[in-house]
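Only one chain is included here, represented as structure tokens and corresponding to the form predicted on its own.
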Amino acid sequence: MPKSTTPAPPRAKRADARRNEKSLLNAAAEVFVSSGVEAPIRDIAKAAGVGTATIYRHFPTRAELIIAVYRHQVDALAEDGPRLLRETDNAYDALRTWVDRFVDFLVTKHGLAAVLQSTDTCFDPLHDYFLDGVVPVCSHLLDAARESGEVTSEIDGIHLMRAIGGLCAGATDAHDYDARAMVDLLVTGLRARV
């Protein structure tokens, strides 16, 4: 009898392994923000409360760790939108809270920006991953706020995100620039006048 040449599907990670990996990714993200993506692996391991071997077991290369951290942050941002709509009193407040988290993501990912714009092709798919994961969430939040009458602007999700991105770009150039205040002004302008 011939053996099947179809590879077995990858085994799903146990719940505790997923929690450990999430904790490790959160710790790596914090270290990247404070010390940059070239921070020693031992610093990430210490922040995560694991040994360096654990990090290398999950992520054999720094590039794999950087990609995983970026994807983890994009996934968290994408998951926040629907949850905020369920848990917040109104769609506009859900949108505003999500935009605050998006600003945090943009401002803190500046440490990753140089790496993500490098010539290493392993980072190429990350921009599409970001757009595919986050633009629909922003669009859905905007649509919900429009349907409830809280937002009258016809701006779509990608343009709102680009506007926010533009406002956040100045955050690293000038110490007296308050990106969050500028974005708040933008989002306040979306609100329907009563």
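Remember, it's a predicted structure, so these values are computed and weren't measured experimentally. Heads up, when I say rigid core I mean the largest set of C-alphas that superpose within 1.5 Å between the two forms. One rule holds for the numbers: they count along the sequence shown, beginning at 1.
Just so you know, the form predicted in complex with the DNA exists too; it's not on screen, but the next bit is about it.
No residue in the set 146, 155 and 158 has a non-hydrogen atom no more than 4.5 Å from the DNA in the predicted complex. Although the partner is absent from this view, residue 42 contacts the DNA in the predicted complex, with a non-hydrogen atom inside 4.5 angstroms. Contact check for residue 57: a non-hydrogen atom falls within 4.5 Å of the DNA in the predicted complex. Proximity of residue 53 to the DNA in the predicted complex falls within the 4.5 Å heavy atom cutoff. Put simply, residue 166 is far from the DNA in the predicted complex: not one heavy atom of it is within 4.5 Å.
The stretch from 65-73, 42-50, 25-33, 123-131 that comes within 4.5 Å of the DNA in the predicted complex, counting heavy atoms only, is 42-50. After superposition on the rigid core, displacement of the C-alpha of residue 70 between this form and the one not shown stays below 2 Å. Relative to this conformation, an increase of 3 Å or more in the Cα-Cα distance between residue 47 and residue 79 is found in the predicted complex. Note: the CA-CA distance for residue 65 and residue 135 contracts in the predicted complex relative to this form, by 3 angstroms or more.
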